[in-house]
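First comes one chain, alone, set out as structure tokens in the form predicted alone.
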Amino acid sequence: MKPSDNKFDVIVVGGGHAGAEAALASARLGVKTALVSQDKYAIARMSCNPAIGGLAKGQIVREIDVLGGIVGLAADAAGLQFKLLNRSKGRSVWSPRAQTDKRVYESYVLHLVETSENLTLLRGEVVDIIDKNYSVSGVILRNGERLASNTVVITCGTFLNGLIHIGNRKILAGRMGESNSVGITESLTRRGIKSGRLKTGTPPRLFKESVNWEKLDTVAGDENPVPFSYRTKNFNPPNIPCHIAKTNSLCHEIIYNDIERAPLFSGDIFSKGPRYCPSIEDKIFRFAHHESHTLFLEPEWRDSDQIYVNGFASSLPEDVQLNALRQVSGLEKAEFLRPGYAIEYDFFPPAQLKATLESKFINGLYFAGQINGTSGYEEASGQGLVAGINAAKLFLRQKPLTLRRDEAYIGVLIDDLITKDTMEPYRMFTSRAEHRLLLRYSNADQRLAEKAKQYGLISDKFYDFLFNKLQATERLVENLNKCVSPNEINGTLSDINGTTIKHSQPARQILKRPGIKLAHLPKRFTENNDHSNFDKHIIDEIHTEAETIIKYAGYIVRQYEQIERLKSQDKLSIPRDFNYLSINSLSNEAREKLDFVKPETLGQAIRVSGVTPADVGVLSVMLYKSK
């Protein structure tokens, strides 16, 4: 690199899912961006589960898509099977998920990175930041080279002082076969930013030919699959099955008898792991009353000879892992391509960040992904997108992007991170969102399209498509105000719930009945709505969304009323230098937590762990007095 080429508007450190989204988002906004990675072929690597989406995670992918991000497009291009989860439950928890070909996914993202305007991919390892007067001014690579920029996004995943555990074996690595990163943690802690340690893990990979597939149950995707991205055209993915196996008492006994050889139980690991994705040894210990646990055997790419054993993450010695798995029906002759392992790594408690994901201590320094204590590709991608956008906006001296809890799951994610204690890896669930009925996968466009346009995140063509789709949904909802006669509907009503009508009624009233769907109404209600410019899956989504709006109208109105009552709290800002420790009428815990988090608004303060309603009352009075 020439000396004149080492100045950038935004530098992104790390090329995982957060880093790729951050760099691409920054570049799309027209600023000169560098993505620094130790290995370009590790860009967006699926180091754990070869899948995208799932409960709440699928909604995040949809939101990323509407905001111009790429994870949905990549998943659609690489998908092996697609499934809409929770169809038997309420609309608020319907969530898309795709099993993916990890090689195609990674190649797709790498191609975007290498061909995007304004984006330079640099091979190297960042070991230090450069700052002056509490503002970042660049980074230093291990070879001594300096890159200049007033905005830096750190997205190092599990690489910071990463340590792999397999039984009593310890390997310094960021992932199996990849060196860890040393220097950034030390650089940031010297500047007063607090760090911690977390743990995660991954299951073993099996040789495909060592599995007796005839003994396993088959699980296929949906016959009419739904893509993640509104920009995906000619969507016709394969439907390659996964398979299910079950652990048993013999498997459990082997694990339990050697459980003290697992680092989590021997005392070698003190870091907290993900509560909702425990290792198999943790499952056996904590849920001893369960006779079996479900294992999903998933291909890692099309025609893969490498099988991912979802549900069997482990840090036990390799011989114990293999012996236990061989007790499972269908896995009697299982052979490892790679054993499972645990990994410990450094993270930075995200309460030290603003809602923009910028550091509260060093201007222009942003954090995204597992470095903030999260787990999952989707959570990392959402953070990366927001951090990349805001780094670019800071350089452009434009308004930063923030998302409220009622606007997006990404908003819930970031708000939880900056106001709650991150004592274990954070994973998104629909239950974390108090307004989840408003955060449906099928209305991400309604929630975020205008914001995406306002911030210049998407093309005019894409915005026009989303606008036309929303208009079509509104027309359909309006059309359902028209009446339906007894002759048109009584046959259907009699078959479904037995209660017929004597006089004509608005179709929406009929649709509110339990068991009645839009498809049960006369076809004139849907056929007269012009959908000529939309693919079938978009038309289906328009119908689903119109049906949801009508069926859940009362609940939706109540949630909007609740949101309006709470908005005033988030409008009341708190000065950066507000002295919580001097307010004796606050509880000791509240003073300590608020002094550490330093919330930006009263709304954030209310959501800080350990702050009681009484503390909120005291703080409100003090803030209004200071105005």
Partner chain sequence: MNYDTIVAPATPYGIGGIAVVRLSGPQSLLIVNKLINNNDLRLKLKPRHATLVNLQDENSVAIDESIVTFFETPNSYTGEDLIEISCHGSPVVVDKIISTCCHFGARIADPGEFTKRAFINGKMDLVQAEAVASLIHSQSVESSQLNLRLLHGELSTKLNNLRQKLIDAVSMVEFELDISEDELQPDLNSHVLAIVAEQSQQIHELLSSYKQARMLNHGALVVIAGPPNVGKSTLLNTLSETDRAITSNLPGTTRDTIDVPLLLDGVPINLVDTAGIRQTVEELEQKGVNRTFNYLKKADLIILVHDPGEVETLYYNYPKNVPIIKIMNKVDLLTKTELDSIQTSHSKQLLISAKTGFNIKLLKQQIKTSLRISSSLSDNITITTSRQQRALKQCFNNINTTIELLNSQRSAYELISIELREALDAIGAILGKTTPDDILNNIFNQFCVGK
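Being a predicted model, the structure only gives us computed values, none of them experimental. Numbering follows the first chain given and starts at 1.
Absent from the display: the form predicted in complex with its partner chain. The rest refers to it.
Colleague: At 4.5 angstroms, heavy atoms only, are Ser304, Lys517 and His543 all close to its partner chain in the predicted bound form?
Modeller: No, none of Ser304, Lys517 and His543 comes within 4.5 Å of its partner chain in the predicted bound form.
Colleague: Can you tell me which of 210-218, 390-398, 135-143, 296-304 lies within 4.5 Å of its partner chain in the predicted bound form, counting heavy atoms only?
Modeller: Every other range fails; the passing one is 296-304.
Colleague: Can you tell me whether Ser504 touches its partner chain? I mean in the predicted bound form, with a 4.5 angstroms heavy atom cut-off.
Modeller: Result no; Ser504 lies far from its partner chain in the predicted bound form.
Colleague: If we define contact as a non-hydrogen atom of the residue within 4.5 angstroms of the partner, is Asn533 a contact of its partner chain in the predicted bound form?
Modeller: Answer no; every heavy atom of Asn533 is more than 4.5 Å from its partner chain in the predicted bound form.
Colleague: Would Ser88 show up as a contact with its partner chain in the predicted bound form if we use heavy atoms at 4.5 Å?
Modeller: Result yes; Ser88 sits at the interface with its partner chain in the predicted bound form.
Colleague: I'd like to know if Thr492 sits close to its partner chain in the predicted bound form, meaning any non-hydrogen atom pair within 4.5 angstroms.
Modeller: Because no heavy atom of Thr492 falls inside 4.5 Å of its partner chain in the predicted bound form, the answer is no.
Colleague: Which residue, Phe465, Phe525, Phe285, Phe429, has a heavy atom that falls within 4.5 Å of its partner chain in the predicted bound form?
Modeller: It is Phe429 that has a heavy atom within 4.5 Å of the partner.
Colleague: Heavy atom within 4.5 Å of its partner chain in the predicted bound form: which of Tyr455, Tyr552, Phe361, Tyr108 fits that? Just give me the one.
Modeller: So the residue touching its partner chain in the predicted bound form, by this definition, is Tyr552.
Colleague: What residues in 260-279 sit within 4.5 Å of its partner chain in the predicted bound form, counting heavy atoms only?
Modeller: Going through 260-279 in order - heavy atoms within 4.5 Å of its partner chain in the predicted bound form - the hits are Arg275, Tyr276, Pro278.
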